[in-house]
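First, one chain by itself in structure tokens, the form predicted alone.
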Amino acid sequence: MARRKGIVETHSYRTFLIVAAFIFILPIWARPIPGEALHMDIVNLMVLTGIYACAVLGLNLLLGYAGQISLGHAAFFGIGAYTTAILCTRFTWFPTWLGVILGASLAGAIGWLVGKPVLRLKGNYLAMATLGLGEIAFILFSQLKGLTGGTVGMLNIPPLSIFGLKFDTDIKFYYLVWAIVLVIMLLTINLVLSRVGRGLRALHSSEVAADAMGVNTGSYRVKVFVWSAVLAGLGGALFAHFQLYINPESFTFALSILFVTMVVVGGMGDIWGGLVGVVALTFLPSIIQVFPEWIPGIPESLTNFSNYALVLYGLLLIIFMIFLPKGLSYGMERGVAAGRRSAKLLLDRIRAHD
């Protein structure tokens, strides 16, 4: 058992170093892809990917490891965004970095207040309760006009600044966001491989059995819910300072479904699954926009991704839950392993022939 744990740790940290190196060098070669239909700014999309990854990594712990579904994480994402936006626009002297911290903290505090009663529910009841939380937050974002700007939203949000260093370009924001994501990934790896991670997996497998083994399931549920809310709030706060404008339409039910779909497509209960799902679904709308240019006869309306986003997310959830329940991450890992076996077999045949 100890040997297997050591192998898993080595594999996880090796993957972490490879991903960190790739993230570091990506802006060096990545350039916007020009075209009539496809205008893909890779660095800009990777910034958005990193922002979403903050929320999805926390949701993967909640859904994939603890087995607690949430359909309202857009609420925490929006709380983080509106908190820092309100503080930094109403009080121009307010440090933006402190606004980000307070946005994540308030999301976590509300997650704790909500999580204590809501997490007594299970299954579909828990899903409906968190869905209601998301809808309540959306209504408040829209109706508290004096505070949030209502449906118009909040303009002139200042760029993020940390002790005088302004992150006012895509490249600067890219390195900041992905440094934060890599820290979260490192924390996640350590957590999953620790006693807490084993407790979360036991909770997911069987709450009764976990209780019998001495796992404080009630405490674990609340803690992982609060942590996922903090990460969602952090992502929302970064989103506000990246876009420099927010409105309630940015934090609808569709965003919560997008987060869940990213977890499922990437791989529930997989350390790297959430990250794979975020990359795939963040780039998907830009790729779909080019379909009419590549495939003659495809209607131009297909380029308006918002028209059918929820339908597509629903189809992806169904397809992956039926045919690839362990997600793209597992499929990629199996594909690489199969490729290695095929290459080894081919080399063995060549040597035998010689």
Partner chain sequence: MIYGSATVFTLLLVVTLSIKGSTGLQWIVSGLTVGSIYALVAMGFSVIYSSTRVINFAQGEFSMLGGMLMYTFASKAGVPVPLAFILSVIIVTLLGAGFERLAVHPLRYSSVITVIIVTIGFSIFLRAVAKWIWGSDPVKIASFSGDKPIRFLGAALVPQSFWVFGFTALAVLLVFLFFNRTIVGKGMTAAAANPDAASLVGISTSTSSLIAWTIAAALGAAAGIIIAPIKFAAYSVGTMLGLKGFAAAILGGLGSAPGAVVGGLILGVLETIAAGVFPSGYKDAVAFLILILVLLAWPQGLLGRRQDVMA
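Numbering follows the first chain given and starts at 1. Everything numeric in this text was worked out from a predicted model, so none of it was measured.
This next part talks about the form predicted together with its partner chain, which is not shown.
Pick from Val260, Leu234, Ile246, Ile271: which has a non-hydrogen atom within 4.5 Å of its partner chain in the model of the complex?
So the residue touching its partner chain in the model of the complex, by this definition, is Val260.
Just to confirm, with a 4.5 Å cut-off on non-hydrogen atoms, which of Gly132, Pro159, Gly150, Gly218 contacts its partner chain in the model of the complex?
Among Gly132, Pro159, Gly150, Gly218, a heavy atom within 4.5 Å of its partner chain in the model of the complex occurs only for Gly132.
Which of these stretches, 115-123, 273-281, 95-103, 168-176, has heavy atoms within 4.5 Å of its partner chain in the model of the complex?
Answer to the contact question: 115-123.
Hey, in the model of the complex, does Asn60 get a heavy atom within 4.5 angstroms of its partner chain?
Contact with its partner chain, no.
Hey, in the model of the complex, is Ile28 touching its partner chain, heavy atoms inside 4.5 Å?
Contact check for Ile28: no, nothing within 4.5 Å of its partner chain in the model of the complex.
Give a yes/no on whether Val264 approaches its partner chain to within 4.5 Å in the model of the complex, heavy atoms considered.
Val264 belongs to the contact set for its partner chain.
Taking heavy atoms and a 4.5 Å cut-off, does Pro285 contact its partner chain in the model of the complex?
Residue-level check for Pro285: no, no contact with its partner chain.
Along 128-151, which positions have a non-hydrogen atom within 4.5 Å of its partner chain in the model of the complex?
Met128, Ala129, Leu131, Gly132, Leu133, Glu135, Ile136, Ile139, Leu140, Gln143, Leu144, in sequence order.
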